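A lone chain, given as structure tokens: the form predicted alone.
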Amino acid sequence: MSETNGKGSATPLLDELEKGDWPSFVTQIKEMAADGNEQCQQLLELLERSYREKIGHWKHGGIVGVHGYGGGVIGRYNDLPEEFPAIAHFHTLRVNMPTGWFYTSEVLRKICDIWDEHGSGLTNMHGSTGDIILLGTTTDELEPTFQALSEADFDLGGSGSDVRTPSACVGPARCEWACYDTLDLCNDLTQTFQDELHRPAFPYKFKFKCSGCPNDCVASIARSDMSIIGTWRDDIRIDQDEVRAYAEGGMNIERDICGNCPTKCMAWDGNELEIDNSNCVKCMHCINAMPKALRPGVDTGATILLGAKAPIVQGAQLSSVLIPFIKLEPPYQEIKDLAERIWDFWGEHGKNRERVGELMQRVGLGNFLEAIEVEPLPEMIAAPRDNPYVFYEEYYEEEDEEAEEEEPAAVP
């Protein structure tokens, strides 16, 4: 690290990021730099310079990767290699995490040992991608790192215009609200779409995220092209004795439960709670507030939503309902077939760096549904239309048939 010559910290701007109540990445890098890690020492100096000059000194200098894969490695170079030679190359590897992020301490130590040997030692557990993020290595170390990870039974995850590493909540392993086996589905999709995950061939990225219930603990509705959110289609189970126990314990059922129901489908008479399940939108508020009294129904499955994204080409977008309810049982062929039909249409008509949700908006919902062979349903509509000039294909077909019937026979 740079000498301060008794004039204070060598990184005064970075030091500001250590202030406050929250853990700081700066502190972590400083700890590693203090142990003699040259890459971390130069990384601190480069980051301080970037903050001081208000210029990012990282550049994307070309495509790098491991043999046979088009994704999994994100190339990073700095534009001052003579001044910072230890981080002239600082590539990131995305490693496919265990489904639900379950590890043993032995496996975690193995990953850290591999990265200490081949990279900077810096990790991100986990990034918004869901992967294990290994931050900072040289081009020459990519293949040895990949080999060591493979021997430890780990594979690289997705990057670039491919299927990104599917992720799932802990599901039935630790959550009583899980309406389907998120862990099994996520693992199945990962194993099935290996080629699509490792060899980018799409207009842009495509993300699967599996949430076991409408609480959506992996934020799939905001971050995934295909959100698979657990739900149920029968009645919420009610234990009236437990409801009364909540009331006796001081909970204001009328105000805190019925009053916060978005569709006002609940009623409390002081003794029993009634739910109009036909108007329930599965928001989970009442179940979260009274977990001993209320539980999801027993006829469980998932809602498939499509089209979420962060603001890149256009603004941020939440996913929209595509299939209101589907039973999820191995081998999950219906979801796989649906994904492949979407990819076929997207691959043919999508623009470069256009997400599926943007394509759906551009071509129109009707055309998109017809192309992927899905019947339109009322649940797909987010808001009433504001254009009264809407024509239907059946209308034109009837006109054509009438015109053919009225057409006079040709004169010989």
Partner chain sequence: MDTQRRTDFGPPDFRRFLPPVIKDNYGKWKYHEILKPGVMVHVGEGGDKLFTVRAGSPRLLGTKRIRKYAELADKYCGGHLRFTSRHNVEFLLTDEANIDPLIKDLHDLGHPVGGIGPAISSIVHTQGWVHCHSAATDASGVVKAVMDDLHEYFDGTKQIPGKLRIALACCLNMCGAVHCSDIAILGVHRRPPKVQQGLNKVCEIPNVIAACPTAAIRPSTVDGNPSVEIDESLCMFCANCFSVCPALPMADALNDGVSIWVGGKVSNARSEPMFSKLAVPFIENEPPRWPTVVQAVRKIVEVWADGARPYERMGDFIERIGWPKFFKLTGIEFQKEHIDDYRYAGLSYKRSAQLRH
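Bear in mind the structure is a predicted one, so any value in this text is a computation, not a measurement. Numbering follows the first chain given and starts at 1. So that the term is clear: the rigid core is the largest set of C-alpha atoms that superpose within 1.5 Å between two forms.
The form predicted in complex with the partner chain exists for this protein as well; it is not shown, and the discussion that follows is about that form.
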Q | Of Thr300, Thr138, Ser320, Gln317, the one that lies within 4.5 Å of the partner chain in the model of the complex (heavy atoms) | A | Gln317
(Q) Within 4.5 Å, heavy atoms only, which of Asp195, Glu329, Asp276, Glu272 is in contact with the partner chain in the model of the complex? (A) Asp195
Q: Please run the contact check for Lys54 against the partner chain in the model of the complex: heavy atoms, 4.5 angstroms, yes or no?
A: yes
Q) Would Asp155 show up as a contact with the partner chain in the model of the complex if we use heavy atoms at 4.5 Å? A) yes
Q | 4.5 Å heavy atom contact, Asn387 to the partner chain in the model of the complex | A | no
Q. Does the partner chain get within 4.5 angstroms of any non-hydrogen atom of Arg244 in the model of the complex?
A. no
Q. Listed by sequence position, which residues of 167-186 have a non-hydrogen atom within 4.5 angstroms of the partner chain in the model of the complex?
A. Val170, Pro172, Ala173, Arg174, Cys175, Glu176, Trp177, Asp181, Leu183, Asp184
Q. Relative to the superposed rigid core, does the CA atom of Glu348 travel 2 Å or more between this form and the one not shown?
A. no
Q. Does Glu53 move its CA by 2 angstroms or more between this form and the one not shown when the core is aligned?
A. yes
(Q) Quick check: Leu377 between this form and the one not shown - does its CA shift reach 2 Å or more after fitting the rigid core? (A) no
